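Read the single chain below, which is given as structure tokens and is the form predicted alone.
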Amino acid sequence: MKKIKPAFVHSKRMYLFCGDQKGMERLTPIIKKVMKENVSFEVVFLGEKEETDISMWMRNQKMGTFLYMAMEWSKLGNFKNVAVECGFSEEEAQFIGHGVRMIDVFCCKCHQKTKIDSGKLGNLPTTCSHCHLKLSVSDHYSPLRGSYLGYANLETGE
């Protein structure tokens, strides 16, 4: 799976940057660009021990604000949900993950989800943790299922 790289989005009223240590390192070039263009911005560091409630902070932002959020994949989903609940759309934010990314695979037989390392996407078949069917994992992501689609592996005859 390709590494997601943050990209600068021009012409926003304000920029918000939040993330953990490694995430902020990835956002540094964008922060420097915003500083160079002399546009308003805020930075919130989300450390491992810090339990900052950023929802109130995000709810108080004005229209035209763009959000950059960079942190471990395991935490990014929860913070992304908070951002969406606070009114940020996919067009108003970039979510950048790092570390090991676990993805869900939707089983075509039992319709349950199995978690696998995203690095194994497109490699060897995996086994459904619920019905034990060998699955070939498609690179097609289904927003409806919130997972990648797994098809019966025909090479094993199952």
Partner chain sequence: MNLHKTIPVQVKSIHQETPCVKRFTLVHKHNDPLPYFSGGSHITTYVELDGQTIARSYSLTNPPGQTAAYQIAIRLNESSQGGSLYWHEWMKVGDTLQVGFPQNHFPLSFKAKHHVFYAAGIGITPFMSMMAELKEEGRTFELHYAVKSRETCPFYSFLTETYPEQTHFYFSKENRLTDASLWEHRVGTHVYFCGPPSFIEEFTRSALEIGYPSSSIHYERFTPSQTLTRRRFEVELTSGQTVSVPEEETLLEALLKSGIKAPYSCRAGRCGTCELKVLEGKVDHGDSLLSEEERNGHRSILSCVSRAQSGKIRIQL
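Worth saying up front: this structure is predicted, and the values here are computed from it rather than measured. Numbering follows the first chain given and starts at 1.
If you look for the form predicted in complex with the partner chain, you will not find it shown, but the lines that follow are about it.
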item: Residue contact check: W73 to the partner chain in the predicted complex, 4.5 Å heavy atom; value: no
item: Proximity of K33 to the partner chain in the predicted complex, heavy atoms at 4.5 Å; value: no
item: Contact test in the predicted complex: K134 vs the partner chain, heavy atoms, 4.5 Å; value: no
item: Partner proximity in the predicted complex: F88 to the partner chain, non-hydrogen atom cutoff 4.5 Å; value: yes
item: In the predicted complex, segment of 56-64, 94-102, 24-32, 109-117 with a heavy atom within 4.5 Å of the partner chain; value: 56-64
